[in-house]
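Here's a solo chain for you in structure tokens, the form predicted on its own.
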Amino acid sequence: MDIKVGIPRALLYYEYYPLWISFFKELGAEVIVSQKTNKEILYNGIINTVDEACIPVKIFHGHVMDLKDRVDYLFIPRIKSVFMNEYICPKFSGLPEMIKYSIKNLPRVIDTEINFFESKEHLNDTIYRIGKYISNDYGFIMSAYDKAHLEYKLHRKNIEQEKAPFVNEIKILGKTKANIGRKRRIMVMGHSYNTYDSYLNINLLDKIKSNKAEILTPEMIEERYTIDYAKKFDGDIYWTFARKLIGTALYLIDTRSVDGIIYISTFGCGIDSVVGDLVEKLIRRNSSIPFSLITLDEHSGEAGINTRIEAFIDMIRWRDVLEDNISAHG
């Protein structure tokens, strides 16, 4: 009988799911992904997590509850760093322990440490430590990873190519008849588990689309651009999430290729409390791009989100038509 590996549909799942799912499937395991976030998952996460945790971590606990009685293993790696000289959110490092001490009767947890802060020289050792839960054949595990990594790279390429013209398009700001009549382009910034979890963000992406606007996300910009632009930031960047979002902001300022920016944050996120403020200051001081911050938690109401999105997009349209493209700031 196949070994069943459960992967919670939360946090870095939204970044790496093609890699993780393909890897375990190539090893011969049956992969079970938790349901999409819903009311029950959110409730179970809230009651099984410490109050001080941010809402994405609470939701992660709910996804573990959804899986724990259906699998032989839970994949919850202890992630410290995914890029050299950069750290990930500290909560990710302690996530396996948070789960183990908060939820009873868990199956075995694959909690291998992932830490590439100093180098990726030990990448193969990390892969083997994860894969040996399913197989002891080193060559088989490495082959499975190689195939999964190709799948992941294809996934990343498809996301970037979805908006391939984005990089080289003519700058869109300016009061012209063609500009006034076209769809507005909105960059939705934030951690991927905030932007792509439609229950958490109350279907924010669909709401923007229903207002006849086009959506872009940081994942649609080639990573080499966000890395290069982040290097222009006047300060040290220690967090992977910060580098990605600051690089995106500086890229948008330089290219002027969006009509507005909506930054999604969650209440209680320490990194966002700094990065969100930095991004907003960069945008407002160095461009005329309209900016809006939306902060989410378990009490967020749909009516308020709807009103803010509609008002934001209407403001952009009115600004082009009536205000001769005057900056929304100052």
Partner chain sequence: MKITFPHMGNTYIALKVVFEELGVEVIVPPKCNKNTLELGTLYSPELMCIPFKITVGNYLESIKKGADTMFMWGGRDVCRIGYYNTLQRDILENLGHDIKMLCVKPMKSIREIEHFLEKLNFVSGTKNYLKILKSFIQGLKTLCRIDEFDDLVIKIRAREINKGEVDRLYSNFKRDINNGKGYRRTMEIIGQYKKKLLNLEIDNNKEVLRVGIVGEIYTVLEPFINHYLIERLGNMGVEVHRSVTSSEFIREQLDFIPFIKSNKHDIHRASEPYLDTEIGGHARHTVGNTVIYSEKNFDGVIHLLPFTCMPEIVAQSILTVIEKEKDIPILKLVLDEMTGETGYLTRIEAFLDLLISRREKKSYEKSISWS
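Quick caveat, the model's predicted, so the values are computed rather than measured. Numbering follows the first chain given and starts at 1.
There is also a form predicted together with its partner chain; it is not shown, and the following applies to it.
- Heavy atoms within 4.5 Å of its partner chain in the model of the complex map, among the stretches 64-72, 35-43, 301-309, 260-268, onto 260-268 alone.
- Relative to its partner chain in the model of the complex, residues 93, 233 and 273 are all within 4.5 Å by at least one heavy atom.
- Although the partner is absent from this view, residue 220 stays clear of its partner chain in the model of the complex, with no non-hydrogen atom inside 4.5 angstroms.
- Using a 4.5 angstroms limit between non-hydrogen atoms, residue 277 touches its partner chain in the model of the complex.
- In the model of the complex, its partner chain stays beyond 4.5 Å of every heavy atom belonging to residue 253.
- Contact check for residue 80: a non-hydrogen atom falls within 4.5 Å of its partner chain in the model of the complex.
- For the options 135, 211, 192, 85, the one in contact with its partner chain in the model of the complex, meaning a heavy atom within 4.5 Å, is 85.
- Contact annotation: of the candidates 89, 216, 245, 127, the single residue with a non-hydrogen atom within 4.5 angstroms of its partner chain in the model of the complex is 89.
- Counting a residue when any of its non-hydrogen atoms is within 4.5 Å of its partner chain in the model of the complex, the hits in 44-66 run 50, 51, 52, 53.
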